[in-house]
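Only one chain is included here, represented as structure tokens and corresponding to the form predicted on its own.
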């Protein structure tokens, strides 16, 4: 665990996250910037950006490189670690858990980009009641029980193998054409089947796949994008976007959000501007 308590933790290193990091750094706040292996992949793939003020007809890769150079010029490191969950201690300090470490901060800015468009039926209702997105965090709670892993990324394969060592039964449901290479033999693979629903009473008891109903106590889901409630379950959402006010404060004290995760329009200039406002609002929050 990293023992430093940062002023601001920024989750996501797209345009909104980089903008927030630069503005918070200029205001002399200590920050930790946590992002994926490739920051701003959507921007990098764009052959032409024609509506970014002052830089007409620039390609996305060049603009992305300018963003990253600006960030690095201020000695802001980008830690390539995915945040699995966020908790708050009694002292109003947030703890951010990744597979590699744990970080602490006084405020958080969420800049995770566009989130999942379509959820599995029952997914949102059972978050924290059997639905999880992190086997490292929650797997031990299901020791000796039956679980299912719905995976669209290779991370799901790794965690399915981890769960196989502690659970009585692991079903692996391959999503989005993911090839389930490297799974332990005890894991039962289900391919080319759509997950219809996650059901139960107070807690998960079943997952429906095609014409099958599997009795499980837990469902672990792995996607490329975050679901906002995956990080902080108390966030107020509309259509799976984070609700914010004019200062980009969420309903959770000390938590801000900016960029595509706050809703349409999904535009570069909007993300950069929101990242700046969110950072300045977090600074003001800390100073008061």
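Positions refer to the first chain, counted from 1. Just so we're clear, the structure is a prediction, and the values are computed from it rather than from any experiment.
Omitted from view is the form predicted in complex with another copy of the chain, to which the following refers.
K.L.:
Wondering, does residue 12 line up within 4.5 Å of another copy of the chain in the predicted complex on heavy atoms?
P.N.:
Taking the distances in the predicted complex, the answer for residue 12 is no, it never comes within 4.5 Å of another copy of the chain.
K.L.:
Can you tell me if residue 101 lies within 4.5 angstroms of another copy of the chain in the predicted complex, counting non-hydrogen atoms only?
P.N.:
The answer is no: residue 101 has no heavy atom within 4.5 Å of another copy of the chain.
K.L.:
Whether residue 71 contacts another copy of the chain in the predicted complex should be assessed with a 4.5 Å heavy atom distance threshold; does it?
P.N.:
Heavy-atom contact with another copy of the chain at 4.5 Å: present for residue 71.
K.L.:
Would you please decide whether residue 246 lies within 4.5 angstroms of another copy of the chain in the predicted complex, comparing each non-hydrogen atom pair?
P.N.:
It does: once another copy of the chain is placed as it appears in the predicted complex, residue 246 has a heavy atom within 4.5 Å of it.
K.L.:
Heavy atom within 4.5 Å of another copy of the chain in the predicted complex: which of 253, 66, 45, 234?
P.N.:
Looking at 253, 66, 45, 234 one by one, just 66 meets the 4.5 Å heavy-atom criterion.
K.L.:
Who in 43-57 is close to another copy of the chain in the predicted complex, meaning a heavy atom within 4.5 Å?
P.N.:
If the 4.5 Å heavy-atom criterion is applied to another copy of the chain in the predicted complex, 43-57 yields 50, 51, 52, 53, 54, 55, 56.
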